Each structure stands twice: as C-alpha cells, then as structure tokens.
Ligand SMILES: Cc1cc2nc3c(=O)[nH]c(=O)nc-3n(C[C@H](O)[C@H](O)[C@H](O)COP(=O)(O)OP(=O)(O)OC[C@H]3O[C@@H](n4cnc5c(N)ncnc54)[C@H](O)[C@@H]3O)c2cc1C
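As a starting point, one isolated chain is supplied in structure tokens, in the form predicted alone.
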C-alpha cells in the first residue's frame, strides 16, 4: 500500500457547498491545509447549466477566479471510493490513502435512471452535470436534432425544457403524475405551468411514461409509452429525479437514511465528519421533518455552517427551506416552503389570481410558511425573507399580495433588518 497522505481538512466533492465550506474554513484557519477531491474537472454553477445549453449564458463559474481565489488545493478527476469515518481516512480510486483531521462529505446527487429498454446506444441523456450538458449540446449539433422527448415533469425536467425552448426545439414532456411539478406547485399552479408550456409549443403528456426507446440503424428514433402511444424524437432526456450520492458510504461508520444524517451543525454521526449540500439530510424548517432539500441556497448555507464548525466554531444551521425557480418562455415561477398544506384547519391561504398571474401564500398562525408565484415574481424575495426569518405578518396581513406591497409595507424594525441584514433572496 502506498504512503498515507495527510491533510487538516478534506472536502469530498467540490461544488457549491464545498466551495463555501472552504471559504469559511480559510476565514477561521489561515494556515491549515484544505484539500478537495472531486470526480469532476472544474467547479461551476449547476443552476446555470440550462442557461448555457440554451445559449443564454457564456459561462458557469459562480465562484470567482478559481485559480487566484480558490481557498483549497484541488485534486481534479479523482474519486474517493472508501471512507473510514472513525479512522479518519479515505481511499482513492487509484489506491492512495488520505488521512484527515476533519472532513466534509459533499458528493451531491446522482440522477435516477430506470432500466428502460433501448436506452443504450446514444441519444438518451441525463441533465445534472456539465459533461451531460456538453454531450447533449454536441449530439444536438451533430445529429441536427429538432424533436426531443423529456421524461419527467419535476424541477429538472422543467429546467431542461427551459433550455430547449430557448433553442427552438420541438419538445414533448412526459410525466407519470397527474400534473406537473407536483412537489412544488398546487393544482392551480400546475395548470398555469401547463398553459405556459403549451404557449411555447411544448406538448405535455400526463399520467404516462416511456416503456421503451426504439432505434433505426442504431439511431434513436422514437419511444413507446406505457399507453401504447409512439412518439417520434431524435433525442431523449431522462429527468425523473435525483438521489443523494451515498452508495459509496457503505461501511463508513456514517448513519444514512435517504441522505447522510446530520445535526444542526452539519456534523454526521461520526465526530469530525460533516456533510452538506444535496447529499445531506437535514431538518425542514417548516415541517420539522428530516428531508433532503437539494437547492442552491441551502447548499451555500450548509457549506458555510459546516466550514465554520470544522474550524472549531459553533454555528447552527436553521433548517432547510425548499425553494425553486424556473422560467417557461416568458412565464417565471417561484415556489418555496409548504405549498400543499394538509386540510386540517391549521393553515390559511391567501390567493391573487388575474390573467396570467397566480400568487398564493400559505400561512400558519401569524407566519407565512409557503408560497407559489406564477407570472409576477418581482417581489418573491421579500416573502421568502418573511418565511425564512419567521416574521409575524398579522400587523400587515391585509396588505399581503396587494399590488403595491413591498418593503415599505413592513414595520420599521423588519425593514431595517432586510436592508442591513441578510438581504433578499431569489
């Protein structure tokens, strides 16, 4: 066995949560060695993938100049195959071992890809990483693709449609559920979304799925749905979900459920080993239930908390808030928190609906716990701030969703915090 290398801090995976963890670490420890190990060959902003594919962004680096500003030493194209949490070491795919003082597991998620006959042979993609985007863009150009099938009407499927609409492709969206974005929209919101897709020329097929892909001379040409319907297309994107990348953690000593279980300090069941981002299972700040909330703002917050605590501080993560945004042509959508509350008399909804605008707030007692905005999202950040900071709204409840509602509508002490404090999100 080769000699064991050593580092003070080890980051396993190097995307948004690891980047902010590294920055937080460097703020507290100016000399400790920070080593990041990642399977990828660059650091980039995953939310911008759809914009780059749709030719609406020139690049994806969100983290500044990764050469001069990078707080960590990075080993690119390097996979960790085994973690011994109690022993505080990892084994890499090339056989090397790295011992660490503290570690962060930030391996993100992997796309769910069911065994669909005919998927092998090219033309069928997932869309969660930069190499997915690059291979898909190359395939579209090389094969002069015009007709595309997107399997999955969740967030990733809609982000895929967002990019392909910008490329003026003919798109068919197939979703097994009875409506789109079932986890982040209510029935009315899903109806508005479907209307927006139809306006952009997207055909929406609900309560159906792909049974097999068909090929002609080894080229993808169509798919057969469970209903028996045949759909012609030259390219398909499987976007039915993402699961935390935890299979490699077997025997690591870390407790896992759907994701890696962490406490309020992002520390796992193994002292000195932390987890953050799409791989971490945290407490939902609205429901109090444990869940994996795979969204950008939470990965940032978790990474910062993990980094501070790895350096010996005592920072607490306030809990995760589901928050998503997507654009369909000219229609923008934002969803946050609890949008489909149980009908038990505990929750109240406030709704504004006019023309192509649908806005819904969900309140519990005197606080907003969820929102759906379709069409008019300009002030969504104010409401997200009210949710995240649990600000009572009784004193201005009658103004909520009024066209002239804004920061000026809030009591002075809340306005002061929003201007001087964390700022507006989304």
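Treat the numbers as computed from the prediction; the structure is a model and nothing was measured. Numbering follows the first chain given and starts at 1.
Keep in mind that the form predicted in complex with the ligand is missing from the display, and what follows is about it.
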4.5 Å heavy atom contact, residue 22 to the ligand in the predicted complex: no
Interface membership of residue 233, the ligand in the predicted complex, 4.5 Å heavy atom rule: no
Does any part of residue 410 reach within 4.5 Å of the ligand in the predicted complex? Heavy atoms only, please. no
Should residue 329 be classed as touching the ligand in the predicted complex when contacts are defined as heavy atoms within 4.5 Å? no
Answer option from 123, 85, 108, 189, heavy atom within 4.5 Å of the ligand in the predicted complex: 108
Quick check on this chain: which one of 139, 347, 89, 296 has a heavy atom within 4.5 Å of the ligand in the predicted complex? 296
Given that the partner is absent here, state which listed stretch (213-221, 189-197, 271-279, 168-176) has heavy atoms within 4.5 Å of the ligand in the predicted complex. 271-279
Using a 4.5 Å cut-off on heavy atoms, which residues of 35-55 contact the ligand in the predicted complex? 37, 38, 39, 40, 46, 47
